[in-house]
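For reference, the chain that follows is the form predicted on its own, supplied as structure tokens.
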Amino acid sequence: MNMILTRKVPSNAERYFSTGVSMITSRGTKGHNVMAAEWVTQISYNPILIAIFIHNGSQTMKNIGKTKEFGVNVASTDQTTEVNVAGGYSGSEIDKLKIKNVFKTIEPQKIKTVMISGCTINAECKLVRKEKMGDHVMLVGKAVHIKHDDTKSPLIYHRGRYFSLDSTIEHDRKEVKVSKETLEFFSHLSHEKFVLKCAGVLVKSGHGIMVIKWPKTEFETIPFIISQTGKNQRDLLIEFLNKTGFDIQVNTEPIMKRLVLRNKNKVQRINFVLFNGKSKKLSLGAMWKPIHLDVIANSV
């Protein structure tokens, strides 16, 4: 969205979105130009495609239409002045990039449009698609050269004000202290994945819960499977139970447990999709175990 930052921000719900801010550079018959844009997003990893949304008829639109290229310069928290000038003036009013006490440009590597120094990301793009979307036009560029500066923090824009990423919000996970044996068991199953995703069934009877022993390790847990991408987790769980001879009726409504297993300074993150189950009798190879002794059941 073209940003005229001096305007009064309406109280409409659509104004409550939070966005980053980028400066779009382009070139044309009047030289190089820069504008500020909120609606900028990466839409593909391979190839790297970046979509920008701007008003038709702007100087930037005219420039990109002729040259088929543009620069995406993701603003850092140090660049509120640059963003205000880029968004507060039109290219027809002033040659913004010649304001030397505001903008510092750098030479491009793969295109002919200059880039802005001091940004978190600089992406040189070749236009691959143009399409009208509502009251804006979507321009999709393929990044032919991209670099980042990990010492810079991106600028955030919300309701006419700027913000920074002051702190990281940790995921809402329950931390459970476990034995070294338990941590090693689940870490081995994760194959070094950051998060181990599983689906299991809880079969309770009185103060006990049904558990099984895993082959080789003899480790005791509730029956569970490791999730597979794109596969229905309940169906996979039922298939596993049938193959192993467990006569368990699995309910349809799951609960989610997001855990961090910790032993001293070592951790393993687990997402457990859990289904309640019923069994008329204890299946062969299973046993009852006090609920408080099972790390997964005890976290429910």
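All figures in this text were calculated on a predicted structure; none of them were measured in a lab. Numbering starts at 1 and follows the sequence shown.
Just so it is clear, the following notes concern the form predicted together with a small molecule, a form of the same protein that is not shown.
Q: Using a 4.5 Å heavy atom cut-off, state whether L261 contacts the small molecule in the model of the complex.
A: L261: no, not in contact with the small molecule in the model of the complex.
Q: Does at least one non-hydrogen atom of C198 fall within 4.5 angstroms of the small molecule in the model of the complex?
A: Taking the distances in the model of the complex, the answer for C198 is no, it never comes within 4.5 Å of the small molecule.
Q: I'd like to know if F53 sits close to the small molecule in the model of the complex, meaning any non-hydrogen atom pair within 4.5 angstroms.
A: Close contact exists here: in the model of the complex, F53 approaches the small molecule to within 4.5 Å, heavy atoms only.
Q: Report yes if any heavy atom of N271 sits within 4.5 Å of a heavy atom of the small molecule in the model of the complex; otherwise report no.
A: N271: no contact with the small molecule in the model of the complex.
Q: Checking a candidate spot here: are S76, M115 and F163 all in contact with the small molecule in the model of the complex (at least one heavy atom each within 4.5 Å)?
A: No: no residue has a heavy atom within 4.5 Å of the partner.
Q: If contact means any heavy atom within 4.5 Å, which of 104-112, 138-146, 155-163, 185-193 contacts the small molecule in the model of the complex?
A: Partner-contacting stretch among the options: 155-163.
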